[in-house]
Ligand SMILES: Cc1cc2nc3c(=O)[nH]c(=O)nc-3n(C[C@H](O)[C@H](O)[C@H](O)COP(=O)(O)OP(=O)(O)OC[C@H]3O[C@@H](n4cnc5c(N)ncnc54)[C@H](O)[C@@H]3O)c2cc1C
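Encoded as structure tokens, the following chain is the form predicted alone, with no partner shown.
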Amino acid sequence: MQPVAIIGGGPAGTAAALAALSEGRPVRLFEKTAFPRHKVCGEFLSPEVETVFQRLGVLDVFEAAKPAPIRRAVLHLGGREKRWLLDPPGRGLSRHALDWALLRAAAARGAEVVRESRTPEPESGPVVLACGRRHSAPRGDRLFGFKAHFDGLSDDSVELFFFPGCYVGVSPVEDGKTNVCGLAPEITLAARGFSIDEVLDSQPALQERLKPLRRRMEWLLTAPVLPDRRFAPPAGETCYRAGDALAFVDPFTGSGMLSALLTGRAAGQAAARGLGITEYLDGCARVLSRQYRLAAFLRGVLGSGLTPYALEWIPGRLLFHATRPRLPAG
């Protein structure tokens, strides 16, 4: 039986590997990067991830990594705040810990991990493409993502700070650490010599939140960061795209990790069963389309001066649940 070839060893790729293995198909997983490693990511995991990990048979692996509980959400918008409880709670776990745990679990289940990056010919068997985004943008007009971990007083909330052109999320991860991750236009960063600390210190509410914390690592930067989705197959498409290679939702929704796991699992199952690419993508669209429509709407609202007033009337819990993917049955 030909193995399912999976390109990329992040959450989407390992979810695809675990799903294909559960279908009785051998798996070759290609990953060139040495693990464990850090990635620019908000590291917030929606409550639904427990169901996904349970279906993948790795809930015990996830729990063993001791993710931080996240029970509250706070939005900071133009001097206003919106607060609500997360029930059930979300979780916070670094990509450093999560990706390594899932990759080891896939290898323990029988996946052959190949330490290189290449795309096998489709004739050699089904291929899942889970190697992240591939975009370009003109210099000077790029949107950068940034992230670092901090030590200090941690709590059980995810706090989202919005200010002109920028977004920053602050939330706990394992071992009492706090993850600070955000997006900023190149022009904003260049004006401050690409000093992330200076950009964050320019915002009083964010400066106050970070005051008791101490940065424990250098800032990681990535660019460009562009929302994208590929639910319609390009001409001649033969790979099952998953994770960011399929769809990259606005990070402020906090649903990117859940989407990666869901599409990874679906891609692994589709590849193992020989499902058609169009049928697979139709299924992904049913799961993800609602959150993408709402994210696009919110992106437009955030780009207007009406943001604090518009969001004041939307209940926080409704806003949160409306930006979750639809969890498929079974």
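Please read all numbers here as calculations on a predicted model, not as lab measurements. In this text, residue numbers run from 1 along the sequence as written.
Not pictured, yet referred to below: the form predicted together with the named molecule.
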Consider the chain as shown here, without its partner, and state which of Q54, S289, T278, T33 has a heavy atom within 4.5 Å of the named molecule in the predicted complex. T33
Does at least one non-hydrogen atom of A73 fall within 4.5 angstroms of the named molecule in the predicted complex? no
Although the named molecule is absent from this view, report whether V4 comes within 4.5 Å of it in the predicted complex, heavy atoms only. no
Does R216 reach the named molecule in the predicted complex if we count a contact as any heavy atom within 4.5 Å? no
With the partner left out of view, is G243 within 4.5 angstroms of the named molecule in the predicted complex by any non-hydrogen atom? yes
Tell me which of 74-82, 179-187, 149-157, 201-209 has residues with heavy atoms within 4.5 angstroms of the named molecule in the predicted complex? 179-187
Since the partner is left out here, which residues of 1-27 would have a heavy atom within 4.5 Å of the named molecule in the predicted complex? I7, G8, G9, G10, P11, A12, G13
